[in-house]
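As a starting point, one isolated chain is supplied in structure tokens, in the form predicted alone.
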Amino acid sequence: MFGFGKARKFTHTTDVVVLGSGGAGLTSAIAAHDGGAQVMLLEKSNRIGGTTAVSGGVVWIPCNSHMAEVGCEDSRADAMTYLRRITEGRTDEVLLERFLDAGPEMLRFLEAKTSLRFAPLVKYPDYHPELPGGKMGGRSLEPGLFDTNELGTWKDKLRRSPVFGGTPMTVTEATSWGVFSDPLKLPYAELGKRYKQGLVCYGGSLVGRLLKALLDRKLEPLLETAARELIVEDGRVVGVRAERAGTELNIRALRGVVLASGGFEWNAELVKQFLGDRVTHPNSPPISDGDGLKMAMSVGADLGNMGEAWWCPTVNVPGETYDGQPLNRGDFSIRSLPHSIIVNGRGQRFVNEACNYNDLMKPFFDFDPVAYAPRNRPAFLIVDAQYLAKYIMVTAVPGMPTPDWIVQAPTLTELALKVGIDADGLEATVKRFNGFSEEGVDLDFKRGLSSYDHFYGDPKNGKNPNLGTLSKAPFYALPVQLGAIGTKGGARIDEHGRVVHVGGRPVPGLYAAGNVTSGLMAAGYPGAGATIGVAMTFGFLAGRHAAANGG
């Protein structure tokens, strides 16, 4: 089929090789093992978890069995109607149907075979709950807390979030405690106690329990082991060439190789080629640099959705780093709270600041053909003293001196001059926005109309939980950068997770799941945890199919 590859002396032989230790890879390894296969899992970094470990750890699975337990109704027809709209007809419906059928099965499998127990988030709406088939809650599930002491010597090998790794609370607790709107009233003593005990939340909890399941199966991942190329014999992927501590490993995979190595958002060359300038500040760990994508391309994989990512507005704190690269903090809530707006260089609003992070970013890519430049870049988050008196803005905490890195000024005009915004435009925009805030209705962008907007708003804020005037000096500005929690483009797969060749047939012996694949959700984002839900579902399908059928 491909007709390349040299004879090699294999140093290891197993049934299935999994590349990557995020949700997709760990689930795939467990499914393959429980399907009767011997499994090796390779992770190129020195920690387990990939992007999943630094995420919210939520999985989005329609029609999951837990919804009925909490009174949330769903149906396959509703879910399919919603996904058709979200994906805009760009995704093969066979794959959407497979996700809807296999997602609940994947959850049941993990809950039966591991210590994972998912809880539905009743008050976490889909990202577009008002669309046909959208739901007000229950499709997103969380893994709760996890005691890392259960990992034994692997405890310190679990990747931790640099942002919320020190505050072990469930998503349900966070929302009920008012983590966004009333942050100073969190039970910090209890959170500190939990942290010292070794408890983790969100993605750390999800990955921790999956890792524990692997270790229980006597399956230890190989850390700091980087896959370099796929080994092909007679048109079939039969293994992987990898490097570990300067030593080459040639690993034969009798039944298949599963690519679960994440996206390419940290690879400047690939980003330039496929995304242009639309991702400048990726939010994932720097290990997501396209290794799996390049391996898939090397064996003729068909590609899809290469111009899309899981977009996310991003802010930076000077000097903060993670794994040797600047830490890019995704903004999921700051912009949704009252007394805040986002404006472009003309000082004009251009988006509903409280909508979901993926869709919020799309107007940033609007192009002005006359000026021959992006219409809405640069962009700035603007807040006033009312905001900082009540809410946390990155590292600015109410009652504490405002950090020097945040630009501030006594008037809007002076603030505009400092950061390069048209002052007249900003003054006019704030005046109009203040009128909307007093009435409780945003006539321009409908901020606060959707129930999703309210999730990140302030429920104590009168007429509209997302609107509040910018009227009290001083005023503050933060640049909003172009971020992504992962890319969405990659190898096309079939309903079993097999990589599809450009000729339309499966590539024998090769599977893929997660952000290394062509994104099932196209340009859309249906709800919290859709990234991980899809990744784990197709990781489950790929591992199971490889174990049973060998590609």
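From a predicted model like this one, the values you see are computed outputs, not experimental measurements. Numbers follow the displayed sequence, beginning with 1.
Beyond what is shown, the protein has a form predicted together with a small molecule; the following relates to that form.
A.B. asks: If you check Ala119, Ala226, Leu100, Leu270 against the small molecule in the predicted complex, which one has a heavy atom within 4.5 Å?
C.D. replies: For this set of options, the contacting one is Ala226.
A.B. asks: Which listed residue (Ile485, Ala31, Leu520, Val499) meets the criterion of a heavy atom within 4.5 Å of the small molecule in the predicted complex?
C.D. replies: Checking each option against the small molecule in the predicted complex, the one that comes within 4.5 Å is Ile485.
A.B. asks: Counting any heavy atom within 4.5 Å as contact, can you tell me which stretch out of 176 to 184, 346 to 354, 284 to 292, 430 to 438 lines the small molecule in the predicted complex?
C.D. replies: That would be 284 to 292.
A.B. asks: The small molecule is absent from this chain, but in the predicted complex, do Met67, Gly138 and Gly524 each have a non-hydrogen atom within 4.5 Å of it?
C.D. replies: Per the other structure, none of Met67, Gly138 and Gly524 touch the small molecule.
A.B. asks: Is Phe332 close enough to touch the small molecule in the predicted complex, meaning at least one heavy atom pair within 4.5 Å?
C.D. replies: Flag for Phe332 set to yes.
A.B. asks: At the 4.5 Å heavy atom threshold, is Arg492 in contact with the small molecule in the predicted complex?
C.D. replies: It does not: once the small molecule is placed as it appears in the predicted complex, Arg492 has no heavy atom within 4.5 Å of it.
A.B. asks: Is it the case that Ala24, even though its partner is missing from this view, gets within 4.5 Å of the small molecule in the predicted complex, heavy atoms only?
C.D. replies: It does: once the small molecule is placed as it appears in the predicted complex, Ala24 has a heavy atom within 4.5 Å of it.
A.B. asks: Find out whether any non-hydrogen atom of Gly56 is located within 4.5 angstroms of the small molecule in the predicted complex, and reply yes or no.
C.D. replies: Flag for Gly56 set to yes.
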